[in-house]
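Okay, so here's just one chain, in C-alpha cells, the form predicted alone.
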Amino acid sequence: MPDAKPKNLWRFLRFTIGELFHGSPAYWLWVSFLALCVAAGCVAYYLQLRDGLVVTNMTNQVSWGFYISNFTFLVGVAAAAVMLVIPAYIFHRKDIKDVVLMGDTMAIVAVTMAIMFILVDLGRPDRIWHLIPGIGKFNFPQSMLAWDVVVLNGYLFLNFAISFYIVYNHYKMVDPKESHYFPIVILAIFWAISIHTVTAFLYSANSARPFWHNPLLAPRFIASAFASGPAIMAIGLQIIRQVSNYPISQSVIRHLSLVTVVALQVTIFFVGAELFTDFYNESEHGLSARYLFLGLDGHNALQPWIWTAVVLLLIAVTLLMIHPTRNHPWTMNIAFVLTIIGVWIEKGMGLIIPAYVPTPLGEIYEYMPSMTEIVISIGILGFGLLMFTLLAKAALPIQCEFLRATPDNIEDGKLCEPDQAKAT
C-alpha cells in the first residue's frame, strides 16, 4: 500500500483542522476575544509601518524598548519547556511524559511570539531578506545577531518536529518509537539552554553598556527563565485540566512549583550579587543601576517598576518556600502570577531600558512605551494565546483518545471523559 502514509497524513490534517471549528460557546467567545486583540495589533502595526518608528517612544538614545523587553522575556519562557522535557524523557516520569506535549507547544508559541517582537521592532521589516544566505549576507558566525537567528529558528523547528511526530503517531494509535525522536529530544534540551544563553551574550557583548557587560548575565537569564516559564506552564496546565478534563496529575504541578521556587531563589541571589558590585564601590559603570533603583539627577521613571518587581518576587519566593502555602492552590497560583509579573518587569523594563541611561555621552532620556507599542504587543500576545488555543484544541482529543486506548500510560489523575474527543 504505497499510498497509505499520504492518506493517513491527509486524514490527520483534516481531523485536526476540523476540530478547530467545533467548540462550546465559551471556546468561541475566547477565540473571538483573541481575534479582536490580533486585529487591534494589526491596525496599530499598520500605522507604525505607515508613519515609521516615530510613533513609538524609541529614540537614538534608547533604541531598544518595549518590543525587545518582551522578546527577552519570551525567549526565557520558551527555554523553560526543558523543565518538563528532562524529567519526562531522561528520568522517565510517566505523569510528566503525558503532558510534556503542552510544554513543547508552549515553547513553539513563545518562540513564535519572540520572533514577531523582533519583526515589529524593525523599522523596515521588508529588508529582512538581507539575512538570507546567498541573497544577503548572514555574517555567521561573526555576528551575535546571526547566532540568535540560528538558535531561535532551530529551536522552533526541533519542538515542532517532536510534537508533530508524537501527535501524528498517537492519531494512528501507535506508540511513538523513542529511538526515533530521543536524539532530537537530547538536542532540543541543549538547544533550549543555548537560546537564552545566546540572547544574554547578545547583550553582554556590548561593552559600551556597562549594565549589560556582565559575565553573570547568562546564568541570571537562565535562572529567571526557569522561574517564570514553569510558573506559566503550571497555570496553563491547570486551566487545561479545568476546561478539558485532560489527565494532568497534581504531581506535575508540584514539580513545576518546586522548580519555580529554586530558580527564583537563585535569581534573587544573582540580582543581589550584581547590586553589591554596583553599589559597594560605586563608579560611573554603576550609573545605570543607580538610575534604575534610586534615580539619577531627578530622573526616576523606572524606579516604581523595579521596586514593584522586587516586592513581587520576594512575596512569591516566600509563599513558595513555605510548604503549606506552596501546596495550597490559591497561594500557589498567587505566587505563580507574582513570579511571572516580577520576572517580566525585571527582565524587560528593568534590564533593557536602564542599559541606555545614561548614554555613553552622559545623556539621560527616560523611555516609556507609547500606546502604539502597547497595542501591538497586545496583538502579538493575543496571537500567541490564539495559536496555543488552536494547537491544544487540535491535539487534546488525539491525546485523550490515545490515553483511553492505553490506560497504562498514566499513573496518577483520571483519563479523559469518554466523549472528550468532541467536548473541548
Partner chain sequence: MTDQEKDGKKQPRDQEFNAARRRFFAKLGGVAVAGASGAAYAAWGGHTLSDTFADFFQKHYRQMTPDEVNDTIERIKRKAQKRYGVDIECADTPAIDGVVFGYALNISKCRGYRDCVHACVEENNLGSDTQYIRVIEMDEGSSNLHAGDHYYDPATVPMEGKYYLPVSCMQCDDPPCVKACPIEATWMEPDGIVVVDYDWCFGCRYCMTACPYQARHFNWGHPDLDPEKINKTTHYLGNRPRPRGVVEKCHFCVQRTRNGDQPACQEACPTGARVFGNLLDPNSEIRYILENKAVFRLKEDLGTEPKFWYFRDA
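In this text, all values refer to a predicted model and were calculated from it rather than measured experimentally. Numbering follows the first chain given and starts at 1.
The form predicted in complex with the partner chain is left out here; the points below concern that form.
With the partner omitted here, the residue from Gly123, Pro219, Gly295, Gly236 that has a non-hydrogen atom within 4.5 angstroms of the partner chain in the predicted complex is Gly123. Checking Ile334, Ile86, Leu258, Leu202 against the partner chain in the predicted complex, a heavy atom within 4.5 Å turns up for just one residue: Leu202. At the 4.5 Å threshold, heavy atoms of Arg254 stay clear of the partner chain in the predicted complex, well away from it.
At a distance threshold of 4.5 angstroms between non-hydrogen atoms, Lys172 is out of contact with the partner chain in the predicted complex.
A residue is said to contact a partner when one of its heavy atoms sits within 4.5 Å of a partner heavy atom; Ala39 fails this definition for the partner chain in the predicted complex, lying far away.
In the predicted complex, no heavy atom of Glu178 sits within 4.5 Å of the partner chain. You can rule out all but one of 318 to 326, 340 to 348, 142 to 150, 244 to 252: in the predicted complex, only 142 to 150 has residues with a heavy atom within 4.5 Å of the partner chain. Contact annotation for 32 to 69: residues with any non-hydrogen atom within 4.5 angstroms of the partner chain in the predicted complex are Leu49, Arg50, Asp51, Gly52, Leu53, Val54, Thr56, Met58, Thr59, Asn60, Gln61, Ser63, Trp64, listed in sequence order.
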